[in-house]
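So this first bit is one chain, no partners, the form predicted on its own, shown in structure tokens.
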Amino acid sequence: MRRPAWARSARVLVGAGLLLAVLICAAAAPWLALHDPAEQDLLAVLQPPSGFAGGSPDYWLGTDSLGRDVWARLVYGARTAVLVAVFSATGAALLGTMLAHAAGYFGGAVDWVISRAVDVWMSFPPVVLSLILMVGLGGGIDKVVLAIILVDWTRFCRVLRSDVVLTARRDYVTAARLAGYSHFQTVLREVLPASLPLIITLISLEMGIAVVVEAILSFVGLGVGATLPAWGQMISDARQNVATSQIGLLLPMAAIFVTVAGFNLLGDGLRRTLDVRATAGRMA
């Protein structure tokens, strides 16, 4: 029996495998963690992992400068990263996709207004704009999600608009209009399906970007807040003791790398297997 195309892509399999491990850690964090991630043990500060000299079997990956369990904070940080990635990428995709289809399908004044808005919004450095928004919005995971949506919807709008412009000129789109479809029906039934492979790729890439942005915001103290463990927060805390304990710095960095790599590999693999145009180009 022949496997489906997505299952034959090494990128999809590797990316899905990496993300599955992260998702398992995020979903099962209360059961995987042996300690509360905020619980402090000042008698066990900066302990090495349990397999090293001076390590304790109670703390698999050691403790940080406040005696908090690194493993517990790592798996709970995965939950924070996944929540931010999913909700922010979904929100940015919805907003950017709607505006891109409006601009590419209708053209004219609608396209000009939306394109100029994108140009103005993208003139601001994304990270700086995120920091400014977080200062105004305040801390919290919902504020981080909102800030990323408000910054990154332009990525979807700019890339998708060009694709929609080409699709809207296809004969089958014209035929749908001649058949009596409304503009909304034409976009929903004829234009949007052609853009789905690109949307899937952009969502996967945006999830990886959201993980990095959330880590940056948490690193500078403007992220999800002190009550929720976050990988950027772990890096910020660990850098103060990097000379004596490197494990607390390397592990969250590795977690960010694995998560972002998983999203990127999965998105690129799905694009290559789902996009008919890309498949036809490779077969030519």
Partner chain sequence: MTVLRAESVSVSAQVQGVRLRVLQNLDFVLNAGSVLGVVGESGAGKSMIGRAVAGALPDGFVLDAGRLAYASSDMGTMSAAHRRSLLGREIAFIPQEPMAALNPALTIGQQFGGHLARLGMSDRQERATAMLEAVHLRDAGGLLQRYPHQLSGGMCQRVLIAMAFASDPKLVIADEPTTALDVTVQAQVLRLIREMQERVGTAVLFITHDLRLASEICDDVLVLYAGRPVEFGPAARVLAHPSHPYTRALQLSAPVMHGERRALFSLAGQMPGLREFAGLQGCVFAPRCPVVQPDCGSVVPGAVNGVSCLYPDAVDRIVVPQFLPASPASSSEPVLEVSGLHCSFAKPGLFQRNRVVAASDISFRVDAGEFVGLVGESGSGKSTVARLVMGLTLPDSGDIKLSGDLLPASGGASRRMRLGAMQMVFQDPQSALNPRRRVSDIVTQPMRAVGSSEDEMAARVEVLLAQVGLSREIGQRYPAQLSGGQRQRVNIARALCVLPKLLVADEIVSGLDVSVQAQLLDLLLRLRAELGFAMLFISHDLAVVRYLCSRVLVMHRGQIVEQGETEAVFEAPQHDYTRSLLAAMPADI
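Numbering follows the first chain given and starts at 1. Remember, it's a predicted structure, so these values are computed and weren't measured experimentally.
Another form, the form predicted together with its partner chain, is not on view; read the next lines as being about it.
Exactly one of the stretches 94-102, 107-115, 150-158, 163-171 approaches its partner chain in the model of the complex with heavy atoms within 4.5 Å, and it is 163-171. Its partner chain in the model of the complex comes within 4.5 Å of no heavy atom belonging to residue 128. Proximity of residue 182 to its partner chain in the model of the complex falls within the 4.5 Å heavy atom cutoff. At the 4.5 Å threshold, heavy atoms of residue 83 stay clear of its partner chain in the model of the complex, well away from it. When contacts are judged by a 4.5 Å heavy atom cut-off, residue 193 counts as touching its partner chain in the model of the complex. Screening 212, 176, 137, 200 for any heavy atom within 4.5 Å of its partner chain in the model of the complex leaves a single hit, 176.
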